[in-house]
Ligand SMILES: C[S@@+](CC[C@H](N)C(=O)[O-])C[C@H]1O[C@@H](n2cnc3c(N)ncnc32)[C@H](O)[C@@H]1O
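Before any questions on how it binds or moves, here is one chain, the form predicted on its own, in structure tokens.
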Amino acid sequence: MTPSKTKKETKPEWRHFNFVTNGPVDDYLYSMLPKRDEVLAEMEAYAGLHKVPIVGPAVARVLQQLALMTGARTVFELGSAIGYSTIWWAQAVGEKGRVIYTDGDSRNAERARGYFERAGVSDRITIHTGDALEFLSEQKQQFDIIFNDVDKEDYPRVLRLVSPRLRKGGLFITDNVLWSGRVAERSPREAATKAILEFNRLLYGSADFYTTILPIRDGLAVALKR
């Protein structure tokens, strides 16, 4: 009889990125997830092989569920990489919806474009290559959802830009707000950790938002625009 593989051996490579839930609970959560379609599964494999950070399916389902619950039709995504979460958003907003993809790497954007076409959602996505924060600052419209997943040092700056560009009742959602548990360090030295701590403090203290941090994967902040 062939010995069975251990959980560690069968765990997809992209799951070795940041997590805050303990191993057995994390394994259980992911074991419950339905199988993804061919395009999303390929993106997960590529992300694991090339160390591309993606939100993964557990968080992506939360994002999609929040969009569906709020009837979102417009999503601005800050930091889209290969477009994994972008596809989940695009599926949620429907044929008449619009998702704005942003990334500073043209190679990421080109790869993402191919995935969007294969997933059948390219007509719902606007691709912008360049500075995501600068592009957000130029927006005149208000969005239903703004999703923040840029460089962590920029998180406090993102918060200053978001409120005027999010409709009342809209959602400001941010990934990696628990930063592999480093937010609990007594004397953090890393610039990214300090920026996330400042961001979390300002977000919870903002009169513009009603905020909760969900301790899933690497921490997901969900803030309702008042």
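Note that residue numbering begins at 1 and tracks the sequence as displayed. If you're wondering where the values come from, they're calculated on a predicted model, not measured in any experiment.
As for the form predicted together with this ligand, it is not shown, yet the points below apply to it.
Asks: With the partner removed from view, which of 100-108, 68-76, 116-124, 136-144 is the stretch that lies within 4.5 Å of this ligand in the predicted complex, judged by heavy atom distances?
Replies: It is the stretch 100-108.
Asks: Using a 4.5 angstroms cut-off on non-hydrogen atoms, would G130 count as touching this ligand in the predicted complex?
Replies: Residue-level check for G130: yes, a contact with this ligand.
Asks: Is A112 close enough to touch this ligand in the predicted complex, meaning at least one heavy atom pair within 4.5 Å?
Replies: The answer is no: A112 has no heavy atom within 4.5 Å of this ligand.
Asks: Tell me, yes or no, whether P188 is in contact with this ligand in the predicted complex, where a contact means a heavy atom of each within 4.5 Å.
Replies: Judged by the heavy-atom cut-off of 4.5 Å, P188 is well away from this ligand in the predicted complex.
Asks: According to a 4.5 angstroms non-hydrogen atom cut-off, is A92 in contact with this ligand in the predicted complex?
Replies: No, A92 is distant from the partner.
Asks: Output the sequence-ordered list of residues from 171-207 with at least one heavy atom within 4.5 Å of this ligand in the predicted complex.
Replies: Stretch hits: zero.
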